[in-house]
Every structure is written in structure tokens, then in C-alpha cells.
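So this first bit is one chain, no partners, the form predicted on its own, shown in C-alpha cells.
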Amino acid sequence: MIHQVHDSAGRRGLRQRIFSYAYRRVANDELLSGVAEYRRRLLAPLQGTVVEFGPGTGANLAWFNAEAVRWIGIEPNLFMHGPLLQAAAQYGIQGELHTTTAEATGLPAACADAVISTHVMCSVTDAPAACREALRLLRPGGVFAFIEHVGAPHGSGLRRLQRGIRPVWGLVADGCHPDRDLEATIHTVGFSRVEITPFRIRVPVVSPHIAGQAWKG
């Protein structure tokens, strides 16, 4: 059972409603080809307390070992909560759901064995702050596991397209920045070791992806 903790007002605007509707139709492994294998590799082995930034409608929950994980979700978009709670019940996930943000979860330091984010860091207000929050939440030896789309190489035609489409893209995708250099951000916030694998999916604007892990020393 998931205990809901309304520790902030959450977000319930038109942009969040539109994004929630669209997200339920695109956040699947068939469309996001290539993502499922990284979900399996990164999420299935996790144990202990797992904090998930932006779980959306619960696309990651099927990959956890429900008996080995206590899950804490950080999801400010209130329109995501209904489908997310249904998914948690379906997969037997136990834990908490908070309405705070990835940049400021309100959780105690060193409370998590793992922190995860999947297609989240593109839309947080402050990506470096969210990565620093992941580091703060981890116990020594804990891991930050992530699957994110990233900016195309500088000077490429795709990078110019990402930059040009960003204002409109952000409106329909709840603040998503298709051209963020997340790999550089993860390397600079203080993790003791970082392993990243680049890959691509078949969605043109957000084709470049990274998957990986970063450990707290």
C-alpha cells in the first residue's frame, strides 16, 4: 500500500493536465524502444529504500522486486497520482508518495539506498539542484540510477532543432528541455563514480539518450 503525503500543494494547472494525458499514451516501452532493457538492468537489482523522482504514471514500478524495495515517489503533478497509485497496487509496491519536487524533496539526508530518475531531469526547474538532492538523499555506497534524454552534440542539426523547438516543446511537455547537457551535470555534482552509456530511440527530437549509475562514496 502507498501512503500519500501531501507535504506541498503539488501542481494542478492546465499544463500538468495536458502533460499527464499525453504521458499516459507515450510512456511505454514499445514507443520508447531501447529503454526497456535499461530499465531491467538498472531497476530490477535494487533493494532497500528507493526514492524515485517523477514517477509519472508508474512506468518503472513493474521492474522492481516489490518484496525487496520500499518505494518513495516524488511526484508534484497531481494528475499523475491516480494512475500511479493504481500501478503501485497492481505490482504490490509499498511505500510513500510525496507532492514535493526533485530539487527539494523534504526527505532526510542519507535516507535512501537508491535514487532513480527516468525522463525527469529534462523538465525539473534546476537539474544541478535535483542531482545534488539525489546525492544528499543517498547513504554512502548508494546509487543514483537514471535513464534520460539529452541534448544532441553541439553544432549538429538536431541540436539546432532541439534549441529552436524548446519553447513550444516545453509548453506541451510540462517544461521539458530537449537540449539539456545532463551528462555533464551528473559528472560535476560530486558523485564518487559515474558510469554512463549513450543510446538512441526512434523519437526524433529526443532521440539521444543516456542510461547509467552514479555512486555516493
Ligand SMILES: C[S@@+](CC[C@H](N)C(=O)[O-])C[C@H]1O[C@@H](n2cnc3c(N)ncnc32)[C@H](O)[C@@H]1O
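The first residue of the sequence shown is number 1, and the count goes up from there. Computed from a predicted structure; not experimentally measured.
Another form, the form predicted together with the named molecule, is not on view; read the next lines as being about it.
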Quiz item: the named molecule isn't shown here, but in the predicted bound form, which of 89 to 97, 131 to 139, 106 to 114, 76 to 84 has heavy atoms within 4.5 Å of it?
Solution: 76 to 84
Quiz item: Is residue 102 one of the residues lying within 4.5 Å of the named molecule in the predicted bound form, judged by heavy atom distances?
Solution: yes
Quiz item: Taking 4.5 angstroms as the cut-off for heavy atoms, does residue 151 touch the named molecule in the predicted bound form?
Solution: no
Quiz item: Within a 4.5 Å heavy atom cut-off, is residue 72 in contact with the named molecule in the predicted bound form?
Solution: no
Practice problem: Answer with yes or no whether residue 39 is in contact with the named molecule in the predicted bound form, where contact means some heavy atom within 4.5 Å. | Solution: yes
Practice problem: Kindly confirm or deny that 11, 52 and 56 each have some heavy atom within 4.5 angstroms of the named molecule in the predicted bound form. | Solution: yes
